[in-house]
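Just the one chain here, laid out as structure tokens, in the form predicted alone.
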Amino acid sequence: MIYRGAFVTALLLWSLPAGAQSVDAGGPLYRVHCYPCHGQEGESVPGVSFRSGQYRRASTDEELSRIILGGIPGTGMPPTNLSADERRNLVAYLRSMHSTGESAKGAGDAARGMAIFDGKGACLNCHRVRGKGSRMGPDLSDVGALRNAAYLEKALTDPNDAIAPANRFVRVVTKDGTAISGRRLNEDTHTIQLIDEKERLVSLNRSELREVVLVKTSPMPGYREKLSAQEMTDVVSYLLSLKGSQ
């Protein structure tokens, strides 16, 4: 689903029976057909927001499904070969994006969220906030100025889907057989730099390595089953409050 498919891709209304749809099945379809142009949050095309429910060219799920199938001639939105069931699942996923955006606008209690972040969530074991915590994961001191609520909730519930390329972990093996894993900080043709699992800065010459593997999964645990809906909202509100020196 590309470019102006966004105008269409989620007029998430009410005509398809909920029992016939699967949000979980729709997620992989979105990543294959929609993500390249619409982005992680469905907001990469100007004037379109799957998260907030801003769309064009469709007013029912059936109309949306037809456009997913046939595309929009003369635009960047191509047709697909998705079956009727796949289109229903994709529409269900788009609806869930809107629901997620509506439910995570920072309406929780940031102070409670901080307590969960520091305690039950054990987030400081990997992340750093205002000089406190680990350097192994990204510093979150200004995450509220960089990310919106929907992205943060997605990162907490589905970290493998939300991980940014800059935060990928790598596993390298030197020619003498030493294996090193860590978060990639920088790399070029000749060298690669990372923070290892003991928070040490490691710089390696590629000529001394026999293997470099980009880890496709996030080391961060998902909190979907670990936090209640209210706790999740509180943590998102806390993260939104972190805006660095601003």
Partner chain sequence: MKIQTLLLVPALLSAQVSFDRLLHTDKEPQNWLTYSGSVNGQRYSALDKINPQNVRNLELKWVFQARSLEKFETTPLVVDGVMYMTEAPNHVFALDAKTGRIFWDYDYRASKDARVCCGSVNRGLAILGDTLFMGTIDGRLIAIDSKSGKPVWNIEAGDPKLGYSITHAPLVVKDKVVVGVAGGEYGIRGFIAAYDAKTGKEAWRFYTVAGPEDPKAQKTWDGDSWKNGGAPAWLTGSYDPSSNTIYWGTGNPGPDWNGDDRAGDNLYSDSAVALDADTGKLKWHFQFTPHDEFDYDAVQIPVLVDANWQGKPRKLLMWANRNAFFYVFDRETGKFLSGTPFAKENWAIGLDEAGRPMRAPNMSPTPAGTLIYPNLFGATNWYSPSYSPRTQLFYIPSWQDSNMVMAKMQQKYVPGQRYTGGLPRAANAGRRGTRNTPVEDSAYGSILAMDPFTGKKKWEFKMSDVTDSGILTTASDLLFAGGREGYFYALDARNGTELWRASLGGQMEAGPMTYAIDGKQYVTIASGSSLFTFALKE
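Numbering follows the first chain given and starts at 1. Bear in mind the structure is a predicted one, so any value in this text is a computation, not a measurement.
Just so you know, the form predicted in complex with its partner chain exists too; it's not on screen, but the next bit is about it.
Colleague: Out of the stretches listed (131 to 139, 84 to 92, 71 to 79, 150 to 158), which one is close to its partner chain in the predicted complex, meaning heavy atoms within 4.5 Å?
Modeller: Only one stretch qualifies here: 131 to 139.
Colleague: So in the predicted complex, is its partner chain close enough to residue 210 to count as touching (4.5 Å, heavy atoms)?
Modeller: No, residue 210 is distant from the partner.
Colleague: Might residue 114 be said to contact its partner chain in the predicted complex, defining contact as any heavy atom within 4.5 Å?
Modeller: Output for residue 114 is no: heavy atoms all beyond 4.5 Å of its partner chain.
Colleague: Residue-level contact is defined here as any heavy atom of the residue lying within 4.5 Å of its partner chain in the predicted complex; does residue 197 satisfy this criterion?
Modeller: Looking in the predicted complex, residue contacts with its partner chain include residue 197, since a heavy atom lies within 4.5 Å.
Colleague: Residue 181 versus its partner chain, in the predicted complex: is there a non-hydrogen atom within 4.5 Å?
Modeller: Judged by the heavy-atom cut-off of 4.5 Å, residue 181 is in contact with its partner chain in the predicted complex.
Colleague: Considering only 112 to 126, what residues come within 4.5 Å of its partner chain in the predicted complex, judged by heavy atoms?
Modeller: Sequence-ordered list: 125, 126.
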